[in-house]
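Just the one chain here, laid out as structure tokens, in the form predicted alone.
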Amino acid sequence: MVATMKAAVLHALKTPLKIENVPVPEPGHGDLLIKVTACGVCHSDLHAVDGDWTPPPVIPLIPGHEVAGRIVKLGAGVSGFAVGDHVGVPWMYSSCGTCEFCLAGMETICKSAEATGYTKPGGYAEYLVAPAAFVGRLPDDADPFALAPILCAGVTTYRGLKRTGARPGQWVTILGIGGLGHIAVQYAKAMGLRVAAVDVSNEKLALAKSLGAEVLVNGAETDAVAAVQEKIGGSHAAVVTAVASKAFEQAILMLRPGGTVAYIGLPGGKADEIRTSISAITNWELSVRGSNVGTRQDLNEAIAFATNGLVKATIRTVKLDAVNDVFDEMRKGKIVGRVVIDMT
């Protein structure tokens, strides 16, 4: 008799997930079978469900890539792990390990990479399989619900901040104080940076202030670019976690000469284009960098910040049955912090 598990499954793009029973997967060579405790709901999951990106996800799909749980079975050839170990599964499911990008420590842009909850089944389920080489180790006594968002929102914003090259004492502007942005504020502070926060929600800006942001700008009430330039003389760095294309255009104009912006948020669809000033970028030697999730080393470092108490996601937990309601909230921009699915 085949063992089954509860999972939220996408059968067609732009349709609600269906809660159903599906077979429990078996770990292959080098894999772990993990019993899911918690799975964060990321905006990328919504992009996957709505078919915003090319290529689209593999259908049928179990979304979810901020997974915390415990190992219940080891595949052949696995060493260094034991049943019962506390682990986290990020977006990066695997990479080839042999291409020029993997060999240069840039496995995030490996052309053969697989993605949890996009090309491979994710964590909106009671169990999932993941390659042992790509999971993160979590402290045995760590809170899985608090750590789940660190496995994507955390590592992604941490890497983005690193890619700006900003140094302690310099200003970084975080555009978008949502699931990623409120965590980005904390990583920036822990890295010694001064933070300006930009959003269109006073509630989210209040959260940013409570987490250490010194300058708050509501883009719905004022000219955000002028405000940042006036208040701090322009930003040494900027990180865009928002999904509105306008934020990406504004971020460049918020920089001071020699500044760098890292793009993290992904608008998707027709909004995935911007207009900017080539002369401004050239004359002021500005830099625009993409930042795609994080490497395994980035993941380990991001987890260390969190488990040392320097970064903590603001979360709300729900059961799996509520996932479609969470997506509706996300579409309306009503979520403050991060929603985490409780799979217990």
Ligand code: NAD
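The first residue of the shown sequence is 1; numbering continues from there. Just so it is clear, the model here is predicted, and its values are computed rather than measured.
From this point on, the text means the form predicted in complex with the named molecule, which you will not see here.
You can rule out all but one of 122-130, 135-143, 150-158, 76-84: in the predicted bound form, only 150-158 has residues with a heavy atom within 4.5 Å of the named molecule. In terms of contact with the named molecule in the predicted bound form, the residue from Ala188, Ala251, Val89, Val198 that brings a heavy atom within 4.5 Å is Val198. With the partner removed from view, the residue among Leu17, Leu320, Val24, Met330 that has a non-hydrogen atom within 4.5 Å of the named molecule in the predicted bound form turns out to be Met330.
Contact here is defined as any heavy atom lying within 4.5 Å of the named molecule in the predicted bound form, and by that definition not a single one of Met106, Arg194 and Phe305 is a contact residue. Contact check for Ser291: a non-hydrogen atom falls within 4.5 Å of the named molecule in the predicted bound form.
At a distance threshold of 4.5 angstroms between non-hydrogen atoms, Thr173 is out of contact with the named molecule in the predicted bound form. At least one heavy atom of His47 is located within 4.5 Å of the named molecule in the predicted bound form. Not displayed here, the named molecule is kept clear of Arg163 by more than 4.5 Å at the level of heavy atoms in the predicted bound form.
Contacts of stretch 38-54 with the named molecule in the predicted bound form, defined by any heavy atom lying within 4.5 Å, are made by Cys42, His43, Ser44, His47, Trp53, listed in sequence order.
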